[in-house]
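In the form predicted alone, a lone chain appears below as structure tokens.
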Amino acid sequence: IASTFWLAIAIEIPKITNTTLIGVYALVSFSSSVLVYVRSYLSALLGLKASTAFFSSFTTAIFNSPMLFFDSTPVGRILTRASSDLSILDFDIPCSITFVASIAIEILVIICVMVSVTWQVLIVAVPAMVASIFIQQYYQATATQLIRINGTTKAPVMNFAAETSLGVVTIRAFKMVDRFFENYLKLVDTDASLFFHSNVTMEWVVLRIEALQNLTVITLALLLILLPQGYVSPGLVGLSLSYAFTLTGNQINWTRWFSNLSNYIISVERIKQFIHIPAEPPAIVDNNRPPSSWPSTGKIDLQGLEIRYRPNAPLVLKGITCTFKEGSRVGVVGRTGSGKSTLISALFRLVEPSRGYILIDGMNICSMGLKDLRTRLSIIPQEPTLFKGSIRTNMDPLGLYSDDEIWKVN
């Protein structure tokens, strides 16, 4: 715009040389190129820093979250945050911020050019801009909720696909392929319907803002026609009218980018929800580490043990006090939901006690680090799990023992 504005002014200056005309034009164009480069560089640099910070915080929060989080959160929801939401944070948000800022500056400059020729256009331009902002805010309230709902419809699709792939052999054996395919299509349609409604609302706001900006352009053209001959130079009239024709397109582009940016921020909101997950206790507590021979006998004392899965949830274990003597075999019997699995989980601190203590060989396990506790205990689960990799990695996942030591155990 600055280079074009210079040409419109320069043709009115008498005795200007071609060298001056071209030199100033080249200088303005070169300055514009430098500014575009700086804008792109800062956008990439700041976007990379923000993405790195969010990714590090997100992965740290997920890997340090308690087991209760994985029991209550579907895998599809975690995958959605780690894939689509982080992708939006990496690519879409920096690009949207750049375009929103640059197009907004361009719109302001175009309005300034129009006002410099015919200030009367402000009588229509200012109310049109105020009305556009009001329509934008009215649209944004609905669009934000649609994007939030759309975030909840993506997770079931990914979760259903992951679970189906694991049980595909069973599904084919019972000839239930068509049923699962129909269920998958229903989930996809539900997710796509939210995407459709988001696009419809976007077109709704674009049509209204386009009508308002067209009113501004028509007013400017009418004022230019009514101006007395010679009141304004022909170069400025042509410059003002040519940029006025681009005002509607720029306003629509700004509306689209700003709406997309507002919707993309919801991905940041969802990622921050996972970042603020309460972490597990530390792996090692330096001032309360058990001796290398612990546990030597294996005596377990429960003293007034109370456990609930959530702060406001009812108690699952209510004031249990008992002793499991060392070297004995104990069977815990009870109906479904009586707390048998919860009692075993409490020994590994998969669930933290709300009140009471668990003592193993006289040491309170709630005051020591999780790594010191869990590496000293062993469990044979109800459902066997085979990790990916070799047999050796399954026998020694942490790589703590040599091959000779493993062969001696076998």
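Nothing here was measured: the structure is a model prediction, and the numbers come from that model. Start at 1 and count along the sequence shown; that's the residue number. In this text, the rigid core denotes the largest set of C-alpha atoms whose superposition between the two forms falls within 1.5 Å.
One more form of this protein exists, namely the form predicted in complex with a small molecule; it is left out here, but the text below deals with it.
- With the partner omitted from this view, the residue of 327, 311, 291, 337 that lies near the small molecule in the predicted bound form is 337 [heavy atom within 4.5 Å].
- Proximity to the small molecule in the predicted bound form, defined as a heavy atom within 4.5 Å, singles out one entry of 341, 60, 367, 32, which is 341.
- With the partner left out here, the small molecule still marks one of 260-268, 201-209, 302-310, 166-174 in the predicted bound form; by a 4.5 Å heavy atom cut-off that stretch is 302-310.
- With a 4.5 Å cutoff on heavy atoms, residue 316 counts as touching the small molecule in the predicted bound form.
- When the small molecule is considered in the predicted bound form, residue 385 lies well away from it, no heavy atom lying within 4.5 Å.
- Interface membership of residue 189, defined by any non-hydrogen atom within 4.5 Å of the small molecule in the predicted bound form, is ruled out.
- For residue 332, a C-alpha deviation of 2 angstroms or more is recorded between the shown form and the other one after rigid-core alignment.
- Core-superposed comparison between the shown form and the other one: the Cα of residue 308 travels 2 Å or more.
- In the core-superposed comparison between the shown form and the other one, residue 344 has its Cα shifted by at least 2 Å.
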